[in-house]
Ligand code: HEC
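What follows is a single chain, given as structure tokens, in the form predicted alone.
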């Protein structure tokens, strides 16, 4: 095998590993996994796919970490900048997200509301689910960014 072919094969393997390690989303798309985002945000809750909110909404979230939905989620400035850059670069666009930067709850996003419109209020209040923000209760792959309809198991 020539040197060029070996290099191309090695590059293809590395690319495959990067794609395999990236979170997969319900539509089959993938976003690069940002280690700081996964570590910092994922330490308290499911690291929500960036495409669920607009860049403006993510800026609002990141600029208010000291008041993050009733908790002080402050992080150092460099990490906050890094995560903000990641979120803005992978934010949702078009009709699937609100352009209102004040709409900062993923559970109130147009896509979330549409995809969960048939879930009964009693299901959200169930001790096994404990609210709409607990993605992992129904989506086994939520921690890895997998939210496909075929993987949904609603606890009874």
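Numbering follows the first chain given and starts at 1. All values reported here derive from a predicted model rather than from experimental measurement.
Omitted here: the form predicted in complex with heme C (HEC). The next part is about that form.
**Student:** Hey, in the model of the complex, is residue 123 touching heme C (HEC), heavy atoms inside 4.5 Å?
**Tutor:** Contact check for residue 123: yes, within 4.5 Å of heme C (HEC) in the model of the complex.
**Student:** Consider residue 76 of the chain shown here, and say whether it contacts heme C (HEC) in the model of the complex, taking contact as heavy atoms within 4.5 Å.
**Tutor:** Residue 76 lies outside the contact set for heme C (HEC).
**Student:** So in the model of the complex, is heme C (HEC) close enough to residue 131 to count as touching (4.5 Å, heavy atoms)?
**Tutor:** Output for residue 131 is yes: heavy atoms within 4.5 Å of heme C (HEC).
**Student:** Please determine whether residue 59 contacts heme C (HEC) in the model of the complex, using a 4.5 Å cut-off between heavy atoms.
**Tutor:** Heavy-atom contact with heme C (HEC) at 4.5 Å: absent for residue 59.
**Student:** Within 4.5 Å of heme C (HEC) in the model of the complex, do we find a heavy atom from each of 53, 71 and 107?
**Tutor:** Yes, the whole candidate spot contacts heme C (HEC).
**Student:** So which residues in 116-150, when you check heme C (HEC) in the model of the complex, have a heavy atom no farther than 4.5 Å from it?
**Tutor:** Read in sequence order, the residues that approach heme C (HEC) (within 4.5 Å, in the model of the complex) are 116, 119, 123, 124, 129, 131, 132, 133, 134, 135, 138, 139, 147, 148, 149.
**Student:** Closer or farther apart in the model of the complex, the C-alpha atoms of residue 129 and residue 69, for a change of 3 Å or more?
**Tutor:** Here the pair is closer than in the model of the complex; there, farther apart.
**Student:** Versus the form shown, are the CA atoms of residue 130 and residue 69 closer or farther apart in the model of the complex, given a shift of 3 angstroms or more?
**Tutor:** Their C-alpha distance grows by at least 3 Å in the model of the complex.
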